[in-house]
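In the block that follows, a single chain appears as structure tokens, in the form predicted on its own.
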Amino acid sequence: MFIKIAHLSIDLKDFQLRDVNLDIEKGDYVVIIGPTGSGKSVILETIAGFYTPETGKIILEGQDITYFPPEKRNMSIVYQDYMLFPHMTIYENIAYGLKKTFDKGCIEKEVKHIARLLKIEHLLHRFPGTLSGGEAQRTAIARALVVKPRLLLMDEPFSALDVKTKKELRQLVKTALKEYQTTTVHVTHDLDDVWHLATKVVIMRHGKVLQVGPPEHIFANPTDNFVADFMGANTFKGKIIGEENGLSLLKLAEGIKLYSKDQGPIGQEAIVAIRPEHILISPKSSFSHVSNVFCGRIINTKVQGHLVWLTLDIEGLYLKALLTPNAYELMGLNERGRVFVTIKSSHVKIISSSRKDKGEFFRRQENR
């Protein structure tokens, strides 16, 4: 294990971080995501050594660094506001951390290499005040990476940038981190950072870690109602009313019945999650072995990037669905138009119930 965070708790009077546990493998790109005030930055700055925990440990490559000062941890941190030295050139900013260790020739070689990777070699003679936001952040990342830290920490590094610049910078950062083989912990509130960069995602709320895992796993298998909603799923209250052919039969509050491959205690209330991309839409009815087939209407469309978000009304049940613009056009869909909706039982996820032993229930779901 590269980093092990065990039972970490911090009391900052107006905020508490509670019993955080997190394992990070070498080479991981960990994205910590959650709403404002969830404790994302507190975890990051505790790893960096800026906060001393009340309880718990931080083990880095087998060494307990819980009480090490920041300068002894060999970590780099990048913030949203760049924090460049305004009186130094871009070259001098990047080279700053190398001066105590390398001679002039090595420094020049290292600075020019990272500058080429991040496409700022033409800016080395400039000063920070003359740079765009994207250029300044690339400089800050170059300065953090060039010293080859054991761990790179980033706190909302792209949040001040426009969409196009974010996209370009994510790709450049991905390339640079692969070259330097750097383990990274990145705090954000932007799900796009998760999808484009993360090998592991940590979902937080109110100072607690709710779920940890690969993005695709959490996306498809949220174990908490908040996680499902935060990750963009359709979530509904319902009740497990029976079992047919090995499938759970659920009745939602809106009266709609759904079949799910997930198992749960009959007679108990439940939260159901359905991913927007798992909702299949057709303008015509067709025979299908799939249990969940409904007729509904499109009540709203919104084009966002390369996707069309649809809001569907199925007998009072409102669903978010996704299509490509090409698929939307080829099917001849339009607002207020009637559509047929298919949802596979394997895509209807039971993510909680009122059963007392929820922990055992969740464990059974994860082992299915």
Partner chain sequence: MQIRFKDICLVISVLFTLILFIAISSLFVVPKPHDVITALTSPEMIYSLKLSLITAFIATTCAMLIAIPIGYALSRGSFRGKKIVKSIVDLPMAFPELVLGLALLLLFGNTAIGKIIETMGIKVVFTKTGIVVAQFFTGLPYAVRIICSTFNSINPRYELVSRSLGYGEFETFKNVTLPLAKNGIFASTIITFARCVGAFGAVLILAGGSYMKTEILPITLYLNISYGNIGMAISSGIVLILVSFLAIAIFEWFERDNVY
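Numbering follows the first chain given and starts at 1. Keep in mind it's a predicted model, so treat the numbers as computed, not measured.
Below, we turn to the form predicted together with the partner chain, even though it does not appear here.
Scanning Cys295, Ala253, Ile241, Met83 against the partner chain in the model of the complex with a 4.5 Å heavy atom cut-off leaves one residue, Met83. Screening Val111, Ala136, Ile77, Leu118 for any heavy atom within 4.5 Å of the partner chain in the model of the complex leaves a single hit, Ile77. Residue contact with the partner chain in the model of the complex: Arg143 places a heavy atom within 4.5 Å of it. The partner chain is not shown here, but in the model of the complex it comes within 4.5 Å of a heavy atom of Tyr96.
Interface residue remark: His87 is counted as part of the site for the partner chain in the model of the complex, having a heavy atom within 4.5 Å. The partner chain is not drawn, but in the model of the complex it has a heavy atom within 4.5 Å of Val147. You can rule out all but one of 255 to 263, 207 to 215, 190 to 198, 67 to 75: in the model of the complex, only 67 to 75 has residues with a heavy atom within 4.5 Å of the partner chain.
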